[in-house]
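Take a look at this single chain in structure tokens; it is the form predicted on its own.
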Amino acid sequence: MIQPTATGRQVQLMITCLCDAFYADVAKAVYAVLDHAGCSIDVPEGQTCCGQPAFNAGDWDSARKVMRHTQKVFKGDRPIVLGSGSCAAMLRHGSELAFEDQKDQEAFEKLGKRTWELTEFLVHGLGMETWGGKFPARIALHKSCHTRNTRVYESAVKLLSSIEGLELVKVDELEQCCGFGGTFCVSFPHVSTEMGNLKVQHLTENNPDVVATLDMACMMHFGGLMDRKGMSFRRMHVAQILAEALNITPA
């Protein structure tokens, strides 16, 4: 997988389609965290999707169209920051697979090297070792399978562990997928549901105060299962925890 190298506090923020449609509060928290970190943030108009739904469904022609649009919208050489590990992985890994033409591959390799997940950017792009603040709660942090072979989860753990009063609780079978998988949950709903129920069991069995994630696609899936079960655990994106710890009010 391509590892990002672009650094600097002049950044482009990709909202992601799920945050745009369902989780505007998470997008605002990501913006607030970047602003607190001293970044100058551009939110390009015309952005849509990373192309992952079509890519995962095998419709690579459509995925390429979406990815080319993303490449056009996020032009330049500034870091592209996302509050989603799976979308970042799509631009960094899916772009390697989706194109066969060498010029396209080179162009999307360049795009991939500019693409960061939020916490990974804070730690490895800006060199932040701690976050600070207070958040007195026990947190069960979900590890998205799309973030494997990246530094995303470890970056989040580093920042969360530096917050006063915050305790990360053990989550069994941490590497196990939540069962969402984009269109997988539509094509194989029964398998997806059973995988999600197992993930919910592991996330909640140690009675955390908050179930946290770095990817709202995962949260939408297992969060819906939690709602069906009547579970009242608070659910948050890591950006929301970082913002609340320092009492940063998203705009």
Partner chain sequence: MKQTIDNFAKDLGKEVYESVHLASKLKTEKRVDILWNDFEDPDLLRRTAGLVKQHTLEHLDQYLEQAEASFKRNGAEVHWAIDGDEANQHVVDIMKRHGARKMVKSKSMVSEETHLVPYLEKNDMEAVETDLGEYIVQIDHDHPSHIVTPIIHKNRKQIGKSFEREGLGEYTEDPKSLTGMARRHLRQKYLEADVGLTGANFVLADTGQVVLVTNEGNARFSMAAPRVHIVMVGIEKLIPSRSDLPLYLSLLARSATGQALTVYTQLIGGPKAPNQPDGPEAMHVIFLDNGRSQILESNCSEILRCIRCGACLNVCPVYRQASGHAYRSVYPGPVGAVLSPLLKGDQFPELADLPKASSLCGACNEVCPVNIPIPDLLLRLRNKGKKEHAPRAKIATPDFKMWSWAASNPGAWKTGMSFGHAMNVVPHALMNLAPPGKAWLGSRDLPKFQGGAFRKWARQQQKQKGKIK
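Numbering follows the first chain given and starts at 1. Bear in mind that the values here come from a model prediction, so they are computed numbers and not experimental data.
The same protein also exists as the form predicted together with its partner chain; that form is not shown, yet it is the one meant from here on.
Heavy atoms of Lys134 never reach within 4.5 Å of its partner chain in the predicted bound form, leaving it off the interface. At a distance threshold of 4.5 angstroms between non-hydrogen atoms, Phe180 is in contact with its partner chain in the predicted bound form. With a 4.5 Å cutoff on heavy atoms, Pro208 does not count as touching its partner chain in the predicted bound form; it lies far away. Its partner chain in the predicted bound form is not approached by Met231, whose heavy atoms all lie more than 4.5 angstroms from it. Contacts of stretch 151-181 with its partner chain in the predicted bound form, defined by any heavy atom lying within 4.5 Å, are made by Asp172, Glu173, Glu175, Gln176, Cys177, Phe180, Gly181, listed in sequence order.
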